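First, one chain by itself: the form predicted on its own, in structure tokens.
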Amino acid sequence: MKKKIKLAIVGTGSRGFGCFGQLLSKRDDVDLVALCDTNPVRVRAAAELLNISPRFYGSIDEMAKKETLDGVIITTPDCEHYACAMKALKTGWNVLIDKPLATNAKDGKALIRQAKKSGKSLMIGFNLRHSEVLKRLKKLIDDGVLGRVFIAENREFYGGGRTYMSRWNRSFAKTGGLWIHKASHDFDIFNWLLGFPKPLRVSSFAAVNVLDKDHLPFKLERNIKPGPDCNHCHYQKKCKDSYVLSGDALKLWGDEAVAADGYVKNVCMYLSDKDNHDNGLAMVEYEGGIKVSLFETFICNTSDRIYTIAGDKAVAEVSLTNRTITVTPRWGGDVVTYHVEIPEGGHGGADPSLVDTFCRIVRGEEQSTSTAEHGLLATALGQAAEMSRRQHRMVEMSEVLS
């Protein structure tokens, strides 16, 4: 029996509780000794639902004074990643930050310097790296099946704008923009699949075109306003996008939790104050002439990432939802479709693999392959895309990384 490692989670929201908390609390080789959250209602509800008895803290500074840990997992809003990770590294803890590394490249660089100074691992929670489908695609590319890759795209369909327009994610101040918060996953996958070529420049377009007050999916009744959130909205049964919290979610984000800090998880996505996009298109040019594009929309009734990777020998078309990779040779021959088996668990079995990898890193059994440097590059690409979108121009990567 291996000696148990002592871990803590900072941030007990959807990822902290629903992913890392659920997985770690079931492991025999982990003691989840502490939970940290600024909301005292949510942190205690999370412990109750996980059936554990950790110590509770309202800040990482307080936790650092009292706990001796092997590692900490940070799942706070993105704007708090830098401060929390910096404190954890200075305290001498190994760190997993659930993407992104930070909300800007400058803070990311500072975290990398501190990790090197502290001699601790700083891993980025890029769970797509653990997707069995994408790992198979990576092997096909590395084995030369596609030849020299010169262009690629990812079209992402994400069902339900509530994920980004009803929660804190809708705020640029809290995320650095969705090109960082959401697309850092996807920029990292492009970098990883292509072998980390140097990105040169970025261009993007993005906007809120649907999820605003002019596009409510129901007719208003005289003198009855919609909102402010789905649980208290007169139109919740009429609205096709209604997101009513129930069951365990009410313990974590219900009225009692709202009273503690004012945070509402399901504000009306059409009426919410927002300065992030509900759809967008970004393009990156890499050294050597490689070009990639990322299309994303949060207005649809399905969820999938659909990749097309073109090389000078073959083209691969990939669906994460269907778990398929179809390779079509350039000059004829057999078209081969791979049907990839995936393990159980969130994000197509990727989340359990991510957690297991971090535990092995904390034990010193392996080195992180989702490094802080990789996190920095993904954040920098997202930052450049946000600059391009908001300033209506192409952005040189040297502007962000210099």
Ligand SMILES: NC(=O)c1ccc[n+]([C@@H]2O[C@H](COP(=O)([O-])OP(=O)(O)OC[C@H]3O[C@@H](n4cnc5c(N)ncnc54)[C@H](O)[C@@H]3O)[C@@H](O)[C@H]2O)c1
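A residue's number is simply how far along the shown sequence it sits, counting from 1. Keep in mind the model is a prediction, meaning the values are calculated, not measured.
Quick note: we don't show the form predicted in complex with this ligand, though the next part is all about it.
**Student:** Residue-level contact is defined here as any heavy atom of the residue lying within 4.5 Å of this ligand in the model of the complex; does Cys84 satisfy this criterion?
**Tutor:** Yes, Cys84 is a contact residue.
**Student:** Indicate whether this ligand has at least one heavy atom within 4.5 Å of a heavy atom of Asp78 in the model of the complex.
**Tutor:** Close contact exists here: in the model of the complex, Asp78 approaches this ligand to within 4.5 Å, heavy atoms only.
**Student:** Test of understanding: in the model of the complex, would Asp261 fall inside 4.5 Å of this ligand by heavy atoms?
**Tutor:** Although this ligand is absent here, Asp261 would touch it in the model of the complex, with heavy atoms inside 4.5 Å.
**Student:** Given that the partner is absent here, does Asp98 sit within 4.5 Å of this ligand in the model of the complex, heavy atoms only?
**Tutor:** Contact with this ligand, yes.
**Student:** Can you pick the stretch from 38-46, 331-339, 364-372, 64-72 whose heavy atoms fall within 4.5 Å of this ligand in the model of the complex?
**Tutor:** Contact criterion met by 38-46 only.
**Student:** Which one, Asn154, Asn127, Asn94, Ser166, lies within 4.5 Å of this ligand in the model of the complex by heavy atoms?
**Tutor:** Only one listed residue qualifies here, and that residue is Asn127.
**Student:** Which residue among Trp253, Tyr307, Phe190, Phe298 has a heavy atom within 4.5 angstroms of this ligand in the model of the complex?
**Tutor:** The option sitting close enough to the partner is Trp253.
**Student:** Honest question, do Val10, His185 and His347 all end up within 4.5 Å of this ligand in the model of the complex by heavy atom distance?
**Tutor:** Per the other structure, all of Val10, His185 and His347 touch this ligand.
**Student:** By 3 Å or more, the Cα spacing of Pro226 and Gly161 differs in the model of the complex; is it closer or farther than in this view?
**Tutor:** Result: farther.
**Student:** Which way does the C-alpha gap of Gly160 and Gly125 go in the model of the complex, closer or farther, given it changes by 3 angstroms or more?
**Tutor:** They are closer; the C-alpha distance drops by 3 Å or more in the model of the complex.
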